[in-house]
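Quick setup: one chain, the form predicted alone, written in structure tokens, and binding and motion questions come after.
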Amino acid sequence: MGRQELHVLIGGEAGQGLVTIAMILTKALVRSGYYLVVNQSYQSRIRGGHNTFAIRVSTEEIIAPRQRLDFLVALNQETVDWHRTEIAPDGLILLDERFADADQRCVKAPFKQFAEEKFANVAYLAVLNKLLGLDEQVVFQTLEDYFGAKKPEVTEKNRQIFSAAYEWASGRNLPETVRLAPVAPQEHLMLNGNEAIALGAISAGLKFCAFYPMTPATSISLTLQAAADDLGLVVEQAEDEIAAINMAIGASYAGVPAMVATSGGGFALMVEGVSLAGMTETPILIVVAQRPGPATGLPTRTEQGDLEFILHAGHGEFPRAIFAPTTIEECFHLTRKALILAEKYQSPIFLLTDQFLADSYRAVAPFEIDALDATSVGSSPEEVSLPYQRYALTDSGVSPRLLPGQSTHLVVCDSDEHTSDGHITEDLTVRILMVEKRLRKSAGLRAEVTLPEYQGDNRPEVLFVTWGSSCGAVVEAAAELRLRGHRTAALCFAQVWPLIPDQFLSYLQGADNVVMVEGNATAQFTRMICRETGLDLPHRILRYDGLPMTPEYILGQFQSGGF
């Protein structure tokens, strides 16, 4: 029969080819029809350090990472030493015969016999293929596709190593304890969160992205860069984050849908630009991929610690919306929505993700894009009232936006307080009118809020409430608690600002116990909910050790917390 679900962890040093075999294996699993959730853990260094690539694979759809391991693939001795105790009693360890371990669950292979050190990862892949029971041709073809663009001699060498190691494995009586149950192939994409954000932005009409490299946000810009020539995008690596956001504001002012992607430290430098966009009413999408701070913190780990920073970033008062995707699919669709809203309301709009979601690969059904809208940039010169006023006072707060140089009308923009035609003013009556005009956009943003998703029993004993990437773990924790006989539910927020209490207050009031779950030390989202609803929500499960939320962590904290 084989296993319906398996948690594989591949561990080793940076530079050992760990990510290469993990990516090929993950692609082969998706091509075979399996669902998966990937959790990558790596240290902030180019070579060395203990890195892992964990693949939770299942015949059914799954949404969260797990902690318990079923299969450890050790590329070095350190991996065995660090993770031996995490392996289930019926689990398995694959390692080189040179490594020390007397565990009965070990499969030792003579990887040095098949290839020199730098190609040993391909030999590991071949033995992995045999132990998991995957179709040899699917894995082999994925291997060839992966190396196909490189030198033919490299491809041929990999082919020989793979075949020799697979033949060795085929001639052994290997255990079948980690063999996967067969599934039918499905047409799925393999995407991580950052790739989905980039694709969502492209589909909504993005034409300009400026960035300064900063983990874990950089791969958003690199994904855009890879498509730039084919799709007519401009992707600019600026000299710093201050330049990046001001380039994007300039591009947007000229009529080009624009975004920046960064992480907490980079966003700190961008903050004055956020206010500039708010005052000049320039559309811009700002993606912030969270990692533990303050300062450099843990640059390659995950956290949900920047929510209140994003909410309050920028001096002065102006409207904003903050999205926090919970899935890869939402990374695509909410990025689209954020870019469209930025243009529609001529405001900075934020998308808040984190390292776990950024690097987490999933099997995703292809997006239906034919019926999707794109951004509508600027107003038609024929439709504006004359004389043209860039900041005309309107009921919605949204003024007609002509693009400079695209008509005979003069377009004036100013970062100082300004009159309706865009010229600087210190008329305090005009100041009041302009503040109120800009804030009137809040009503439009509130009318288009993405609703939180409720899953589970009505009037539950326990309602878990969370946001962003923690949602998968929360939903699975609630489901497991239900199997133990409790009435449970989960309430997941994919948009965290504005908050509309009428949309979720009844869920909170209808539960016996509300348990807030989030990835930071001070319960930032909980404070926002309490402030907006007037409720007191004392039961909290918080994680801030740099690791993603898991169902096991939530249930462990729930049981020990006495909620």
Partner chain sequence: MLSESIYGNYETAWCPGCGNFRILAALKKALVESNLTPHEVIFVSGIGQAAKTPHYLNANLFNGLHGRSLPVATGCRLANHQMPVIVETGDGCTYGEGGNHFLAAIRRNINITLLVHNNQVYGLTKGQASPTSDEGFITKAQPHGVYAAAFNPIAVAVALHAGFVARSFAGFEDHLTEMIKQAISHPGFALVDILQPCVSFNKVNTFAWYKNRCYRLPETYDPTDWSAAILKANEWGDQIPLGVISKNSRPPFEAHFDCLGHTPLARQQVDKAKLKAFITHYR
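Since we're looking at a predicted model, the values are computed, not measured. Numbering follows the first chain given and starts at 1.
Although it is not shown, the form predicted together with the partner chain is what the next lines describe.
- A single residue from the set Ala489, Val107, Ile340, Met247 has any heavy atom within 4.5 angstroms of the partner chain in the predicted complex; that residue is Met247.
- The single contact residue among Ala164, Val412, Leu439, Leu311, judged by any heavy atom lying within 4.5 Å of the partner chain in the predicted complex, is Val412.
- The stretch in contact with the partner chain in the predicted complex, judged by heavy atoms within 4.5 Å, is 279-287, chosen from 260-268, 116-124, 480-488, 279-287.
- Remark: Gly422 counts among the residues lining the partner chain in the predicted complex, judged by a heavy atom distance of 4.5 Å or less.
- In the predicted complex, Lys207 approaches the partner chain with a heavy atom inside 4.5 Å.
- When the partner chain is considered in the predicted complex, Ile369 lines it closely, a heavy atom lying within 4.5 Å.
- Using a 4.5 Å cutoff between non-hydrogen atoms, Leu231 counts as a contact of the partner chain in the predicted complex.
- Within 4.5 angstroms of the partner chain in the predicted complex, the stretch 168-194 places a non-hydrogen atom from each of Glu187, His188, Leu189, Met190, Leu191, taken in sequence order.
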